[in-house]
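In the form predicted alone, a lone chain appears below as C-alpha cells.
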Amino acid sequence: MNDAGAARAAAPGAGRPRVTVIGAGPAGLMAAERLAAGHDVVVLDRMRGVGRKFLMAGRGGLNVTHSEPMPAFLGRYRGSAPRLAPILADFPPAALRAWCEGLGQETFVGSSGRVFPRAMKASPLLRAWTRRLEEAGVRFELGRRWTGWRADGALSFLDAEGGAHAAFADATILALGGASWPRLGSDGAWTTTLRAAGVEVEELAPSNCGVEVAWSDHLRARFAGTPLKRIALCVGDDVVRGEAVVTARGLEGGAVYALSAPLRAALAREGGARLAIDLRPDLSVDALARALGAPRGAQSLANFLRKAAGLPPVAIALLREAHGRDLPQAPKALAAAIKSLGLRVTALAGLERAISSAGGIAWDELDEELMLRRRPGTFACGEMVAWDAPTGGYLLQACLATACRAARGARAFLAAREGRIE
C-alpha cells in the first residue's frame, strides 16, 4: 500500500474483489470475518495492535451480550431501536453466543442476565478470533491512520512517521469506533474527514460515564472513593437500581452509567440535571416512616439513622449535602427525603473517561445496508453510527450486528457490480 504520495496505488478490479476494513476493533474484525470468503480483505488500524479497547473492556470480565427478551433488549437502544431492530434480528444474542462458542469460548448467563464467556476475559477470544481471520487470508496493516479519499478515489493513510500511503478498494468498511478511551485508538478524528465529504455526523458525546456534582469540601475529603450500595437512581421517568461510587468530582458506577442518555438530554436542554437517589429502594415511604417513628432517645441523629433506617455514613452525608445540617424532623418527611435525595448534576465526565460515546454518522446518511448514500461502496458500522446503549452487553452486540449488516451490504454491492446475485 505504500506509494509515498500516489502513483503506485493499485487500481481496483484485478483478481478477487478487494475490501479494505478501516478499524481493528470488534466491528472491523467481524466485518472482515464475514467478507473473507471470496474477497481480498485487509484490515488497517492506527494502533500497533488489534482490539485494544476490546481487551481493556474485558479486563474486569468480558460481557458479550444480554439474555433478556428481545422487546426489552431493543428498548435499551431508545430512539435507535427501530433502525437496529432488523439488524439485531439478523444477528441476535443467540447468534453471538453461538459465534463465541465456535471460537472455543463457551458462554454462560450471570445472575444479572448478562452473558459472559467462561474464561471471563477478552484475550482468549481475541486470540482465537485473529487466528481464524489469518487462516481465512485476512491481512492486517497496523500503524495506519485513515485521512480520507484522494481525488482519484483511492483511500489515503498516514503512517506513524507521517509517510503517505494510498490504496484503491472495491468496497470499504469504516469501523473506527467513537471517541471514548482515545488512547486506545478511538479518537473520533474521522468525524472531520466525513463532514468534509458532506456526511452529517452528530456530535460525539460521552456515554456510560460518571457525572460531576459540586460536593462540599467535607464530603469530598471524607467520602471520595466510598461505594453506595443497593440504591436506586432516577432521572425523570428513568429509574435504575444498582450501585455507585462517590468520587472527588461526583458519582460513577453502573447505575449512573445507565442514566447517561437522559442526563445528557437534560444537560443539553436545561444546562443542569436533577439526579434523585433513593437510599432505601427496598422500603416504601410509609414503611420507612414507621421505622423512623421509633423513639430516638439520647442517640445522635447519625446513629439513629444508621440503626433505624439502615443508612451508612456516606448516605447520611449525602442527605446533609442535599438538605443541609437541619434534616426534616417529622418521620414521614425524613423518609421522603431518604427516598428522593436530589442532587444537581453539572456535567457528564469527559470522553476520555467514558466507556462509550453517543452520536456519530446520522442514520439518514446510511441506507438499509449501512452504506453511505454519498459514497457508494463505503459502509459504516459499530460505534461510528449514531446509536447509544448502556453497558450490559448491548454495546458489543450492536457493534457486531451492525458489522454483519455492513458486510452483507458490501458483499451484495460487489456481487451486483459484477453482475452476480448474492
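Here the structure is a predicted model, which is why all the values come from computation and not from measurement. One-based numbering along the sequence shown.
The same protein also has a form predicted in complex with a small molecule, omitted here; what follows describes it.
- The partner is absent here; in the predicted complex, the one residue of Trp181, Trp215, Phe223, Phe91 having a heavy atom within 4.5 Å of the small molecule is Trp181.
- Exactly one of the stretches 33-41, 46-54, 371-379, 358-366 approaches the small molecule in the predicted complex with heavy atoms within 4.5 Å, and it is 46-54.
- In the predicted complex, none of the heavy atoms of Ala407 sits within 4.5 Å of a heavy atom of the small molecule.
- Heavy atoms of Ala386 never reach within 4.5 Å of the small molecule in the predicted complex, leaving it off the interface.
- Taking the partner from the other structure, the small molecule in the predicted complex has a heavy atom within 4.5 Å of a heavy atom of Arg145.
- Proximity of Ser186 to the small molecule in the predicted complex: non-hydrogen atoms within 4.5 Å are present.
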